[in-house]
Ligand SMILES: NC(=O)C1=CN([C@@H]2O[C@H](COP(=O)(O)OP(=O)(O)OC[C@H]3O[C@@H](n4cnc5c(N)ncnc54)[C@H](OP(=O)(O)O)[C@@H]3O)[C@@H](O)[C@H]2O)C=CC1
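One chain comes next, on its own, written as structure tokens: the form predicted on its own.
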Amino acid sequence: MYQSPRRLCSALLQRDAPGLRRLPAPRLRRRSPPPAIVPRPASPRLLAAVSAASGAARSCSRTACSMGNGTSRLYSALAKTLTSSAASQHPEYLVSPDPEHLEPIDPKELLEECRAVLHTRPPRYQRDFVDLRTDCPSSHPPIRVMQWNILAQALGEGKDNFVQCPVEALRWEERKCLILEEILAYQPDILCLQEVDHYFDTFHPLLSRLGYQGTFFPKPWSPCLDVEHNNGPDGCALFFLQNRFKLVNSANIRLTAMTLKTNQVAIAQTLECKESGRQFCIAVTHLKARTGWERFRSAQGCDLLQNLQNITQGAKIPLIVCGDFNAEPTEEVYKHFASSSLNLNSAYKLLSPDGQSEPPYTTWKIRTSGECRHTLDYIWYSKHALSVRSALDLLTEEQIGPNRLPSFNYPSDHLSLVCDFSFNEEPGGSL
């Protein structure tokens, strides 16, 4: 169905570029775009592709904004996405294209494109990696894992009631560039995301062209579908770099609680490192939210642990579990993971002085119900098989600011977590 990379770009060119011409919010600190990506006259071929795409989705009734010969290929992929109405009329755009037909994108060029789109916003927050290496050397490059609840667009605009966040900060045409900028800045080998409601029209097409293989598992009854003009259901997504890993097997898990199937899901994949030949399992999940559902989350966590016990052959295969657990460390589900026979440890505890305390927060927002500051997001790992070499430090309260998250600086109400892992040199024995 996708005969060329240009056809893929045309499918993406349907919504957002006109929004990039809007004036920024007042009193924002400006950042000039890099000279190398100053807009130039568009090529006839690009205009033809844009024209064809606009004709295929007339319901959008928008015109294209092109960026010229040198950047048109990247901007075509970046600048526009399908509306749900266009997608319903043209479902072929949501079919995953053959990776062999995708033209690769240079991540540095795409990062420059994102920054050009964001040049009227404040610069991205700077965060540093904390070196956690022990005396155990590793003969192979580390495995960088990124965990992030990116905030579903439909929920951010329609249900979450971020009363201190300006509406302009939530516009998808710019917010998606902030999300991509965060991902591109840290260059994870494995990317675990929650609340993804733009998988087919944004993340899969772009990340596939950056060399990632992706899997998406939506919630059966996504709350995004209750929002007018939604882009489909949200769910979990898992991406890994194909030049580093080979997929051994993959499982989509619909979590159960008290024998009932629930609305929460997980993805678990066994990967093989091409450098070392070592295998490990990577899993991503998003447990039930809200106070009063603690027992429900606990049951979901037990179900996930049982599934992972089977997938890892009784903990013979090393394991990394990423997720928004919607649970503080005091909850039962956290204790289940900490005491599991899978011998897991929480990577971000290692940032504390004693190595035993979780960060003070991984999400910080202000809703109509009040201010919420919680630790809900975790990266668990098999502590006898894997070591954490470094972890990305969290934003400070001063960086986050009095209006909390999301904001013009940061696209989600949850902070991204990033860790570098290495295999312990002794491959045998139980984990």
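Bear in mind the structure is a predicted one, so any value in this text is a computation, not a measurement. Counting begins at 1, following the sequence as shown.
As for the form predicted together with the named molecule, it is not shown, yet the points below apply to it.
J.: Within 4.5 Å, heavy atoms only: does Q153 come near the named molecule in the predicted complex?
T.: No, Q153 is distant from the partner.
J.: Does D197 reach the named molecule in the predicted complex if we count a contact as any heavy atom within 4.5 Å?
T.: Answer no; every heavy atom of D197 is more than 4.5 Å from the named molecule in the predicted complex.
J.: With heavy atoms only and a cut-off of 4.5 Å, decide whether D226 touches the named molecule in the predicted complex.
T.: Taking the distances in the predicted complex, the answer for D226 is yes, it comes within 4.5 Å of the named molecule.
J.: So in the predicted complex, does any heavy atom of E332 sit within 4.5 Å of the named molecule?
T.: The answer is no: E332 has no heavy atom within 4.5 Å of the named molecule.
J.: Among 257-265, 120-128, 342-350, 272-280, which stretch has residues with heavy atoms no more than 4.5 Å from the named molecule in the predicted complex?
T.: Among the candidates, contact is made by 257-265.
J.: Going by heavy atom distances of 4.5 angstroms or less, which of D324, D303, D201, D189 would be at the interface with the named molecule in the predicted complex?
T.: Result of the distance check: D324.
J.: Please identify the residue among R290, K316, K108, R295 with any heavy atom within 4.5 Å of the named molecule in the predicted complex.
T.: It is R290 that has a heavy atom within 4.5 Å of the partner.
J.: Does any residue in 348-378 get within 4.5 Å of the named molecule in the predicted complex, counting heavy atoms only, and if so which ones?
T.: If the 4.5 Å heavy-atom criterion is applied to the named molecule in the predicted complex, 348-378 yields K365, R367.
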